[in-house]
Each structure stands twice: as C-alpha cells, then as structure tokens.
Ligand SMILES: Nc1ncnc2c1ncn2[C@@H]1O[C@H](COP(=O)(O)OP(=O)(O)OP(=O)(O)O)[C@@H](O)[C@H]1O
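This document starts with one chain, in the form predicted alone, laid out as structure tokens.
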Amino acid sequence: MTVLYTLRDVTKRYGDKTVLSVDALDIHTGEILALVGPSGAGKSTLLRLLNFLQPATTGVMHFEKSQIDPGQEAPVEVRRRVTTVFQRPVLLKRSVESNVAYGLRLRGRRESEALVQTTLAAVGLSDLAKQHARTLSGGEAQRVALARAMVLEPDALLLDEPTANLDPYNVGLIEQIVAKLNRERGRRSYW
C-alpha cells in the first residue's frame, strides 16, 4: 500500500490553545481509519486538516507527493482529490439529483447524468431522484450527502460522524455503502 497522507509533528492552535497535536501519522491508500475519542479531542480538527479546510499551525503534512506547509493553502488540484461528508449535511433547495450533480457541474463535467444516476442507485435513492431534497428524512439526506461526495470520485473520502443521530437501519445502510465503495473503487474513507 502506498502512503496517501503523512503528518509529522503537526499541531493546530487557536491563539494560545493547542487543540490538536499529532507526532506522526501515515494513512495508506485503501485504508479505512476510524478516529475515536471524547468530544473535544481534536477528531473534527484533524478531519479539517486532512480535507485542507484549515492549515496546520506547525509541522509537515504531505498528500502523496504534495507538501502542505503550515499556514499554506493546499493547491486546488490537491483539495479536489478529497471530499468530506459532515454529520449534518447541508442540502441545496433543489431535487435530490441536482444536489448530487452540483459538484460535477462546478467542475465543468456536464455529461454526468449517467454517473449521477449510478451513484443514486448505489445509495438506494433512485426512486427519490426528482424529489425536493428538503423533504427527505435524516437518513435519506445523509445518503444524498454521501452520494454528492461519491460522485466526485475522490481519492480520500472523509466522514465526520456520518451515522450520528440516525436510526439503526440507516446506520447499517451507510456503513454498507462505504464498505462497498472501498472494496469496489479502493476509495479511502476516514471517520
């Protein structure tokens, strides 16, 4: 397995408060990694660093061969290789399929209808493609957010508590979807 992420002596501080300190972490392609810890332990902060939403305060971080220095914004071509599904998805005031296709449209991929439909089928939402996204249940909305991330075919898929507050059926469904995605496409998933 090749190394996708390498972090050495990485910290994140807000003012005088250190909220994250990672001595060494290597994350390999194809690996499913779960971050477990109490609230305030830095799990979400680490995910924001891994998704390049925030820069590290100190340390060295690599995404494959690209080095991201402290305080530096990652290049757009690197940021586009990583996608996050957050605990509380924000959906557009559009149909389910429009929500899933949104990122593809932003990237200029207009011939994406078949990919959107395939992805909706993968998350069990084909029958709801034309439905307004704001009318969905919590589990359905989370699957739309997951489909919106999956359709971009990222090298790393980061999941920030994607099953929190969901019923057991939807928890199991989302876990099955992520495991299948990892098996079929070799996507990297980090919880």
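All residue numbers refer to positions in the sequence shown, first residue = 1. A quick note: this is a predicted structure, and the numbers were derived from the prediction, not measured.
Missing here is the form predicted in complex with this ligand; even so, the following discussion is about that form.
- In the predicted complex, this ligand lies farther than 4.5 Å from every heavy atom of Asp155.
- Within this chain, Ala41 lines the site of this ligand in the predicted complex, having a heavy atom no more than 4.5 Å away.
- Although the partner is absent here, His62 lies well away from this ligand in the predicted complex, with no heavy atom inside 4.5 Å.
- In the predicted complex, this ligand lies farther than 4.5 Å from every heavy atom of Ser112.
- Scanning Thr45, Thr58, Gln131, Thr29 against this ligand in the predicted complex with a 4.5 Å heavy atom cut-off leaves one residue, Thr45.
- Annotation: in the predicted complex, residues Tyr14, Lys17 and Glu161 each come within 4.5 Å of this ligand through at least one heavy atom.
- Only one listed stretch (32-40, 121-129, 134-142, 65-73) carries heavy atoms within 4.5 Å of this ligand in the predicted complex, and that stretch is 32-40.
- Residue Gln87 is the only member of 87-103 with a non-hydrogen atom no more than 4.5 angstroms from this ligand in the predicted complex.
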